[in-house]
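A lone chain, given as structure tokens: the form predicted on its own.
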């Protein structure tokens, strides 16, 4: 059995779950469900980052302790993830004591290697990001994320010798030992490392009371985003001391948004190299959303809330819509009107309509619908081709291609129904039974194919087909054509009502 470990970035608990975070998490969940379906020993990690000055300040404003605020907001994230059918194996919180202890052990290890030293840092600091920026990283003199001018800050702190890892990182990326995708993201990191000199990294703050203390100087706390990076290790129960790494390490896929690319492509692997820990197998940075051609902004009133969208379209359909709208890895434009159009085209008039038509035909025949003696070669080849495209697409994180393969099956079947005209035949006719069997067998395969994207609808479809125990099969058995007998078929409610 192969192991598969996938992570998302952990989300800052001072924020409300947003559509960008939902996009990353849904993509990771689809991959997790696909690997479990394939029989892999899968571990899916997500969670929240709970330290930092912003948390402490927000807690004071709400007359709460920082921990109370974290508890409240972490529960909100879990609620949203439950709504979106996220099947994580671990929801990590950075205020957990084992995580805090592990970070302290790691800092001691790195300092013992003379890769941490004390100094004074003066620079441009964004309060919203809780991080320093160089002038080159700013956009028109403002933070690229918060669009506010940073403040000039000077304080005593500790530095990590990031500069020592420039050449090793360049070599690892160039030889594909450190894999960054898509290609344009890899080129971006390579271009930065070739054109800029890495400066040593300030990793601590003075007088930030809500953070993990530097173990040898407790008046300093580790910079919040450094602390957060190590969740990928504490989340699989590494204690920071044991030289033997957990079985799941290294991650097979680390999914991130491109806004935190340099942090994960340069700083994160540098820390791992300093600890002699193997790097993740793949870092994949997806693109950004625009809404109706504009950036999402509260002032523009175009921010899309994942819970509201799940209420409108249903959580399963929302997962499908987000991952099918444009190629994963690229920037793309979304809007409510596009979602309505795609929902009706793909799901209501597509998959849902095929289910309705097929079951209506099947219910005209009384009794079990058995495999015909002669397999329909066209159907068998069509399904085998679809599975091949689908599997390759998910392995390459091309979700829209996998969804396209499903849509192609629906199109094939609609044409088959129209050309064979089963309504002109008697339900006792052998040809009628063959037509209906082919369509039911396609629906069985569709139930498997849509499962990673729409787990609830997949289970409903299996039940409509009278196949409640189908998912107990191995995928290899599930992919076979023409071996299943259909009994106890039911019409049920409309799978995807038109909106």
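Computed from a predicted structure; not experimentally measured. Positions refer to the first chain, counted from 1.
Although not depicted, the form predicted in complex with a small molecule is the subject of the following passage.
Residue 49 belongs to the set of residues with a heavy atom inside 4.5 Å of the small molecule in the predicted bound form. Using a 4.5 angstroms limit between non-hydrogen atoms, residue 486 is distant from the small molecule in the predicted bound form. At the 4.5 Å threshold, heavy atoms of residue 215 stay clear of the small molecule in the predicted bound form, well away from it. For residue 11, a non-hydrogen atom is located within 4.5 Å of the small molecule in the predicted bound form, even though that partner is not displayed. Proximity to the small molecule in the predicted bound form, taken as a non-hydrogen atom within 4.5 angstroms, holds for one residue of 264, 131, 99, 205, which is 264.
In summary, among the residues 339, 225, 365, 192, the only one with a non-hydrogen atom within 4.5 Å of the small molecule in the predicted bound form is 225.
With the small molecule left out of view, the stretch that reaches within 4.5 Å of it through heavy atoms in the predicted bound form is, among 314-322, 411-419, 286-294, 353-361, 286-294.
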